[in-house]
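This document opens with one chain alone, in structure tokens, the form predicted on its own.
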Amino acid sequence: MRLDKYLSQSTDYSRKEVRRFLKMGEVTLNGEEVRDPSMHVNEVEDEIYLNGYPLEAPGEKYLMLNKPLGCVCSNNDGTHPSVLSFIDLPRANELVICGRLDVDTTGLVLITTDGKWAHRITSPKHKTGKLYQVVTADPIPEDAVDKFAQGMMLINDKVRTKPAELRITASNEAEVILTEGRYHQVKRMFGAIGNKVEELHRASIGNIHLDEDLELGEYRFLTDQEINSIQ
């Protein structure tokens, strides 16, 4: 593929803009500055950077990020940084965040350019399970398992939550699997049984598990197997 075509399709910049970047010496190929738009590149083997940013081959992008405390899953709320600020790619602010985590919740966030794929994750109709690890202020009673499984009426909601799976792992710790994503749902469900969530962490979405090698704020591209696991 020609270099200018690769750059245009990888970034959504126009061919005219790409040629301007090339003339300014802002493109490197395998560590060497390049200016020839007609140069042919290997989409798999070559490392191509624009303005210091690594470029991926043209096509949809799918990433996982380990969300730290204090950032939000939106482009900008005026107070807290966005998880997209951790993404070191051109036009990162145009990526789609697949479901939200609260500012005080950590863990797996999936990010993509593929709107249909994102919808399959967030829509309750697709029943994609999200696994949360919870630490509560008080011990969790055994009967909470049945209450979660039956669904709950939460304050200000007009319909019951969908059945959720609760696994008590210690007196004050549990795992919860949801197939929907209502506002502060895990916290509100524990609040409905008179308990308070002290710590909340999302460990997996469907069959995509948070990579243990990712430090807080780090991300990586998904494998084909991970991408295809979302149906």
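Start at 1 with the first residue shown and count on from there. Keep in mind the model is a prediction, meaning the values are calculated, not measured.
There is also a form predicted together with a small molecule; it is not shown, and the following applies to it.
A single residue from the set Thr128, Thr112, Thr105, Thr136 has any heavy atom within 4.5 angstroms of the small molecule in the predicted complex; that residue is Thr105.
Only one of Leu89, Val83, Ile140, Leu101 lies close to the small molecule in the predicted complex, with a heavy atom inside 4.5 Å, and it is Leu101. For the chain shown alone, Tyr132 is a contact residue for the small molecule in the predicted complex, at least one non-hydrogen atom being within 4.5 angstroms. Residue contact check for Asn195: none of its heavy atoms lie within 4.5 Å of the small molecule in the predicted complex. Although the partner is absent here, Lys187 lies within 4.5 Å of the small molecule in the predicted complex, judged by heavy atoms. In the predicted complex, the small molecule lies farther than 4.5 Å from every heavy atom of Ile48. Note on the interface: of 53-61, 27-35, 179-187, 164-172, the segment with non-hydrogen atoms within 4.5 angstroms of the small molecule in the predicted complex is 179-187.
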